[in-house]
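In the form predicted on its own, a lone chain appears below as structure tokens.
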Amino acid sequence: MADLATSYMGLKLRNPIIVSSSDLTKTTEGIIRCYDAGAGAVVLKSLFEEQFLIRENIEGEDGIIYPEALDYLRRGGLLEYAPEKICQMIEEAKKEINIPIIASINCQSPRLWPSYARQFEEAGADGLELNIYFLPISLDSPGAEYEEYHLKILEEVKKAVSIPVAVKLMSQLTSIPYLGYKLARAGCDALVLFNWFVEPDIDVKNLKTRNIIGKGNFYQSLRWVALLAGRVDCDVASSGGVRKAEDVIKQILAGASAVQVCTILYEQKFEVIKNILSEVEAWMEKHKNATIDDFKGELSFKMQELTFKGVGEADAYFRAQYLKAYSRAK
């Protein structure tokens, strides 16, 4: 029988399937359901600083947080304390399950990142996922400024905790490999590719802009997992667009140490996790892979480099594959 156990961020997982940050993981009951369904780990619904403020009923009459109230809370240090319910949820869940619980944080105030991280560690979280969102829209800010922002957050959090820390990146970055390399050098334990936030849309009838829920792009994630795995000194996890067991296998072949799932659980319910794991196990046995490590990264860019004499030839290989695909499409 194939062994599905794997290591991610230095944590031992019974299998590579992680339920990603979502409403599915925002309660103790939801976390336990993920565990019973067979998940290898869970990432809690992300704590957004703005959502915390709204929950604490300090918003204005029109649903807008008064700047004066926000400044007052920050100056007084009142936001230093993470919502008690989340810490309590971690403590309760740890008593019921024995898979890693990874807390997720998204802050705007620089000092709140390490503050919340420390509190979640004390509550029993096994790891942290830094849900960083910083859309590059300024005409005056170079790409290096956004990269430095990620590094600063990671470094401050790493000073505050001893548990492993992952950074969930967005795809709109100047150089994902370079930033990934720098984050790994700064102590990042894993990179999660990618963060799928809301997307812009336009209501042509009412002439208004609006937001729609972003959808994960499986192939975009697959590409960058393959390009980073084995080339940065930390684990790489995929996030977005996984629909079936074959997708999980592809991500692991590309080099993913773990695969985050979410949408498929809404569509096919929690039972789909066991079905996926059963099919992955069957594939491993068919291909004589006793463990996940036996085939992890087998088709990554790093392994393609080793197949040829040097990076230049590996680059040519990928270029040739692109040209073949493009020609067929025509």
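Counting begins at 1, following the sequence as shown. Worth saying up front: this structure is predicted, and the values here are computed from it rather than measured.
What comes next is about the form predicted in complex with a small molecule, which does not appear here.
At the 4.5 Å threshold, heavy atoms of residue 15 stay clear of the small molecule in the predicted bound form, well away from it. Using a 4.5 angstroms limit between non-hydrogen atoms, residue 239 touches the small molecule in the predicted bound form. Proximity of residue 263 to the small molecule in the predicted bound form: non-hydrogen atoms within 4.5 Å are present. Mapping the unseen interface onto this chain, residue 216 counts among the residues with a heavy atom inside 4.5 Å of the small molecule in the predicted bound form. Using a 4.5 angstroms heavy atom cutoff to the small molecule in the predicted bound form, none of 223, 250 and 301 count as contacting. Between the small molecule and the residues 243, 111, 182, 94, the one pair within 4.5 Å by heavy atoms in the predicted bound form involves 243.
Out of the listed residues 270, 48, 295, 283, 48 is the one that sits within 4.5 Å of the small molecule in the predicted bound form by at least one heavy atom. With the partner left out here, the small molecule still marks one of 272-280, 285-293, 40-48, 27-35 in the predicted bound form; by a 4.5 Å heavy atom cut-off that stretch is 40-48.
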